[in-house]
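Next up: a single chain in structure tokens, the form predicted on its own.
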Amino acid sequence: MTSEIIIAGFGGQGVVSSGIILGHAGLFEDKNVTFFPSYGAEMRGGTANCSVVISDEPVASPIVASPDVVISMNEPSLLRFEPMVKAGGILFYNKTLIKSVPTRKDITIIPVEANAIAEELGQGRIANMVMLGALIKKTGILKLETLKMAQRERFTKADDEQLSLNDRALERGYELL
């Protein structure tokens, strides 16, 4: 099975970190993985997206033109990437920040109050972790415990309190679906 994923938002929302975490988790589960980031020169506050492919088979290219899944963290990303989702695919969108309602009828649309949940947990910047938890619950592409290990691999300088908070955000996203 192959899953092609695009995660998009603005710099500072953890878009690229989310892709790296998914990639590490895929490797931990002995999957074939590609990761391809794209972001503007201004980084924080500028546009950012990444493509992640996780597969049981070798991956020919990191380029994702028609993703199975899109995670959209902000309004411009929803407008840009909603049309690209494969028919039958899944669109997760950050309902806290996105006021538009996706219009496609041939995909599964999942609104997630990612920023609101992150704020409830005490830190708005972990909204990406909420989205990752929802993603793996809905798709089953990876295990929750593997994602927790992968976020520790990504955030090696974080203290135990931050890592535990990230775990709680992953769990909350996972429990939503």
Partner chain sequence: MSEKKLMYGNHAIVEGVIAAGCRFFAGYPITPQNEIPEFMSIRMNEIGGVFIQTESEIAAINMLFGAAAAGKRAMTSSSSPGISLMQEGISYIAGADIPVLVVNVIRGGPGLGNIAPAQSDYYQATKGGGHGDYFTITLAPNSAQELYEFPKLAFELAEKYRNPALILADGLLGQMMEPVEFTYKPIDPDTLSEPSYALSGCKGRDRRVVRSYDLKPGKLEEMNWQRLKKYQKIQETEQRFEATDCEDADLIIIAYGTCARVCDAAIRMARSDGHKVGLLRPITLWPFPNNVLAGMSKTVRNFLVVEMNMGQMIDDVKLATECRSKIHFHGRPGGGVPTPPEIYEKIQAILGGAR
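Numbering follows the first chain given and starts at 1. What you see is a predicted model, and the numbers here were worked out from it, not measured in a lab.
What follows is about the form predicted in complex with the partner chain, which we do not show.
Chemist: Though only this chain appears here, would residue 27 touch the partner chain in the predicted bound form if you measure heavy atom gaps against 4.5 Å?
Modeler: Yes - in the predicted bound form, heavy atoms of residue 27 and the partner chain come within 4.5 Å of each other.
Chemist: Should residue 14 be counted as a contact of the partner chain in the predicted bound form, where contact means heavy atoms within 4.5 Å?
Modeler: Contact check for residue 14: no, nothing within 4.5 Å of the partner chain in the predicted bound form.
Chemist: With the partner left out of view, is residue 61 within 4.5 angstroms of the partner chain in the predicted bound form by any non-hydrogen atom?
Modeler: Residue-level check for residue 61: yes, a contact with the partner chain.
Chemist: Do residue 57 and the partner chain come within 4.5 Å of each other in the predicted bound form, heavy atoms counted?
Modeler: Output for residue 57 is yes: heavy atoms within 4.5 Å of the partner chain.
Chemist: 120-128, 135-143, 31-39, 104-112: which one contacts the partner chain in the predicted bound form at 4.5 Å, heavy atom to heavy atom?
Modeler: Of the options, only 31-39 has residues within 4.5 Å of the partner.
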